[in-house]
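Heads up, the chain below is alone and in the form predicted alone; it's given as structure tokens.
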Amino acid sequence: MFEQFSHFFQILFTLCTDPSNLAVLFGASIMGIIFGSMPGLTATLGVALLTSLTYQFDTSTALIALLGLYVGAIYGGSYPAILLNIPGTPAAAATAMDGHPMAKRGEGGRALGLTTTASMIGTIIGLLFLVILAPVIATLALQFTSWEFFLLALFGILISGTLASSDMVVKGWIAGLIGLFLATVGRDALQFYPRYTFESSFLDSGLEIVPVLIAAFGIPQIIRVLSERQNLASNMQFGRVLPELSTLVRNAKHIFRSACIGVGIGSVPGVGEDIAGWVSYSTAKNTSKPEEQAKFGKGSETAIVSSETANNACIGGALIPLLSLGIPGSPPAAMLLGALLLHGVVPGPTIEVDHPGFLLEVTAIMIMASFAMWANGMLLAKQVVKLLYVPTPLFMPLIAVLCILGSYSLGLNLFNLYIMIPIGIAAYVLGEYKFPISPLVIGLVLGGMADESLRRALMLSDGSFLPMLQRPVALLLLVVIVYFVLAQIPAAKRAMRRLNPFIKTNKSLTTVN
């Protein structure tokens, strides 16, 4: 343990004492805050665009840039949420409920100070869970075979489809299956057989993840923002930014509970920071005293602290399955997975074997990123807010150019642009019909693992599924998946409700006997 701490502080000291690292970190953090603060831009899109720019960087510098932007963007969404009642990112939607009423009272600076500090605390608590849980999960995952990895990937796709869908659950599953299908394009990794390549050599290696993600998240956002023509200009008093220590102490229990909620939700594949913020907001309201509950929706400091702590703690939670199992916990984490693969780092149970000290390095970078976010938030809040007065339609053409450059720069390949446009338009159409995009992304990312694991397992068992039922962990995962699917089907739910009284009666008779 002492050796681990010593190694961690050694890595932290090395990273902190390099001026170029600090320049990249603070620059990426400011860029993330700008991305988060501009309605229509998201943390996922920011990470996607920056991934293509960091292709020439070494892995450590690229991670500093990407994680700095990720943390900054999740926090940056609180700016327009508080000052304009327009969440810059979905993660900040819950913050707008009470942040904007507080800003209308002339306490916009105080609200931003609370979100900044709560975000930093949430990120650090999330990291503690990451350091403690990731090695344990990775050790357990080393016992997994192809059956477990296939079922785990399938579970991730199904649960992300269920939780990310705002309409019908089946729409989330369909989006996940579309992503799964896209992952099968190209020659398969085991027998090198071409699938859906239409005899095109460009499709032999499959679809590049980064251009598809840029298309899926970038193009729909650009179309929506330009079509809505939002006017963000507004005049409002700002006030003091630095929060009082007594406020943080008074909300200590809400901060800790919200951090735990954020980590728990973040570790579920595909759910994301927005759901963490809403769940934490609701929990804080339900567990508060009646007089505090009455303040919710009217500028409650407890509500702001709870939602912001949870959405930033979600980052650490999302990194737990990403680094230990290779399964992203949120859309930005999915993009981060693509970036790691680009730099030759394959997340999973053997990551500490292939890259010793990688987990500690990520933790050190995240701590630096959270402090950079806090410093930027405190020092530059008033200046960054001025960006909100720039008409959004002027920003979006610039973002469109960055999307095109980001896709093209990956191997200087024009084919990336050819696939980006139709996928982007298809994602926009799916979004208009309430099909969530996150499951599609998770399906694309996990599809390769699901496909390869299932085919390998079937090859080893001569096409028999029986070995899957003979492994306890695989059987448990299968039962969870079947139960999870049945629980979403109305007919199955009605059947379960009818069976409940029968089961209770049988239990009572057994007890009496």
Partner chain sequence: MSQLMLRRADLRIALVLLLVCLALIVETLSYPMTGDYAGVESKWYVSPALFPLILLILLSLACVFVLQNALRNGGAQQLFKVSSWLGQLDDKVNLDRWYVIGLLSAYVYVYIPSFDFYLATSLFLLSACYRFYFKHASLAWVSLFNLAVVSSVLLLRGFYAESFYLLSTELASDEALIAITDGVILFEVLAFMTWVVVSQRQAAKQLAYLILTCFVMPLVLIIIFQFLLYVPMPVEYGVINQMLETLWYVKLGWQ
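Between two forms, the rigid core is the largest collection of C-alphas that superpose within 1.5 Å. Computed from a predicted model, the values in this text were never measured in an experiment. Numbering follows the first chain given and starts at 1.
Omitted from view is the form predicted together with the partner chain, to which the following refers.
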Item to complete: Report the stretch among 58 to 66, 475 to 483, 445 to 453, 28 to 36 that approaches the partner chain in the predicted complex to within 4.5 Å, counting heavy atoms only.
Response: 445 to 453
Discussion item. Contact check in the predicted complex: Val249, Lys298 and Lys382 versus the partner chain, with a cutoff of 4.5 Å between any heavy atoms. Do all three pass?
Written reply: no
Item to complete: Please check if Trp278 has a heavy atom lying within 4.5 Å of any heavy atom of the partner chain in the predicted complex.
Response: no
Worksheet item: Does Lys253 reach the partner chain in the predicted complex, with heavy atoms at most 4.5 Å apart?
Response: no
Practice prompt. With heavy atoms only and a cut-off of 4.5 Å, decide whether Phe129 touches the partner chain in the predicted complex.
Written response: no
Worksheet item: Is Lys285 close enough to the partner chain in the predicted complex to count, meaning some heavy atom within 4.5 Å?
Response: no
Practice prompt. Note which of Phe358, Phe155, Phe371, Tyr428 lies within 4.5 Å of the partner chain in the predicted complex, where distance is taken over heavy atoms; exactly one does.
Written response: Tyr428
Worksheet item: Which residue, Ala364, Ile219, Ile351, Leu336, has a heavy atom that falls within 4.5 Å of the partner chain in the predicted complex?
Response: Ile219
Item to complete: Give, in sequence order, every residue of 453 to 472 that has a heavy atom within 4.5 Å of the partner chain in the predicted complex, or say none if there are no such residues.
Response: Leu454, Arg455, Leu458, Met459, Asp462, Gly463, Phe465
Discussion item. Superposed on the rigid core, does the Cα of Pro19 end up 2 angstroms or more away between this form and the one not shown?
Written reply: no
